[in-house]
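For reference, the chain that follows is the form predicted on its own, supplied as structure tokens.
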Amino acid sequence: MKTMETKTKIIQNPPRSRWSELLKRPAMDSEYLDQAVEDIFFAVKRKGDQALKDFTRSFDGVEPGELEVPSSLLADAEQRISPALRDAIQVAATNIRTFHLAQEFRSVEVETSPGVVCWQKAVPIQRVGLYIPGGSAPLFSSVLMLAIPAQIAGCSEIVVCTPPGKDGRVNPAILYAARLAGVTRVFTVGGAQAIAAMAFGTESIPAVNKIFGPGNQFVTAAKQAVQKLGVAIDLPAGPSEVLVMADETANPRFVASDLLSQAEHGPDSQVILVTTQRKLAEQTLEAMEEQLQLLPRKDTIRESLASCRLIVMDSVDDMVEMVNGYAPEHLIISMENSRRVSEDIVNAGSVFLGNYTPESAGDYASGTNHTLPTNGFARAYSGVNLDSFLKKITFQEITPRGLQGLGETLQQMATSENLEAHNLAVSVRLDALDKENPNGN
């Protein structure tokens, strides 16, 4: 196997013309993915639960049983995890709940002009579906990140789909987190077929209004496909990524550990260091090789490091410009003036400041949400938050006097847009008011 040194190079002050090439994300074969997802969707629409069981047998290598996890397994999940893990999940849940409770919507009623009152109401999305990856990395943390704000928002049904383990069952930590966070139903099904089931509905799995959650490239492609079918998704999300900004005050061992922690998500993850110090880049590379030997997922990490970049820039201003152009999912700023530097960041999913704020904290238990835009979508999308589970409905109420005051404006604009029915809807009311009060009193 090639060593990491042959794959990861230090790049010194590249010209702007090379930035986009250096920061290019690993590409996916979209044509193949789209066709595979289309085939899966067709099968699930036609055969429902049977298709889901067939795919579980083929893709997960286990004989499927009942798709829905019995409530008894949810109830006793606490007994099947260690007390230490139970306590850790409870701490994380408390912090996530505290942060998201602070985001609660506060309605404001405004009189925009005399007799014209407008306000907004937050309404929970009724039924949401959460996709939770399982297998070798069962992401029970994602259950907390998604179900807790859904519960706070007041979603009436919170459905989880997650693939089975090698024993055909759902990891008990996922089940415990689900019960703690208010999940109503859990189904043992994964992959693009789970997204299809939550979009179309099957005999067992209800169709939902919006689908949330991370996943591999098939899950990502399936989520993008269901948008065309009228089912909302949380945000465009693909392989995980982190960019670290560092200066001479950064600890290379810390930086190396942050890069490796994201690289272990999968071979298509991307990790980047941007620094003003070549010595730091060299020390980080050495520390990465040392720490890699200690990690059980080293083969996956080595594949991911094929797209790793260690970039040395001449100035902090250039670093900031490069970061904003890349728009990373996770941004770590390990610099002397990290908070001041962060003020110039406009494109990032979540930002971690200082030498003692590892990205792992946001992944698990600091309280912020770890479901974030990847692949440059942080230029336009926020990460998941309480608003993601709410709809905002606007209201307006106009008194007769309010309509008389606003009427001429409405008529002028409707006529100018050649929409005379709009004009008529105003004029018939104004005429009625004139007849009721011909003297204008």
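Each residue number is its position in the shown sequence, starting from 1. Computed from a prediction, not measured in an experiment: that's the story for all the values here.
FYI, the form predicted in complex with another copy of the chain isn't displayed, but the following is about it.
Partner proximity in the model of the complex, defined as non-hydrogen atoms within 4.5 angstroms of another copy of the chain, places exactly one of 263-271, 308-316, 179-187, 147-155 at the interface: 263-271. Shown without its partner, this chain lists Thr249, Thr276, Gln283, Ser257 as candidates; in the model of the complex, only Ser257 has a non-hydrogen atom within 4.5 angstroms of another copy of the chain. A residue is said to contact a partner when one of its heavy atoms sits within 4.5 Å of a partner heavy atom; Glu343 meets this definition for another copy of the chain in the model of the complex. Although the partner is absent here, Phe140 is a contact residue: one of its heavy atoms lies within 4.5 angstroms of another copy of the chain in the model of the complex. Ile11 falls outside the set of residues with a heavy atom inside 4.5 Å of another copy of the chain in the model of the complex.
Another copy of the chain is not drawn, but in the model of the complex it has a heavy atom within 4.5 Å of Glu109. Contacts to another copy of the chain in the model of the complex (heavy atom within 4.5 Å) from stretch 269-297: Gln291, Leu294, Leu295, Pro296, Arg297.
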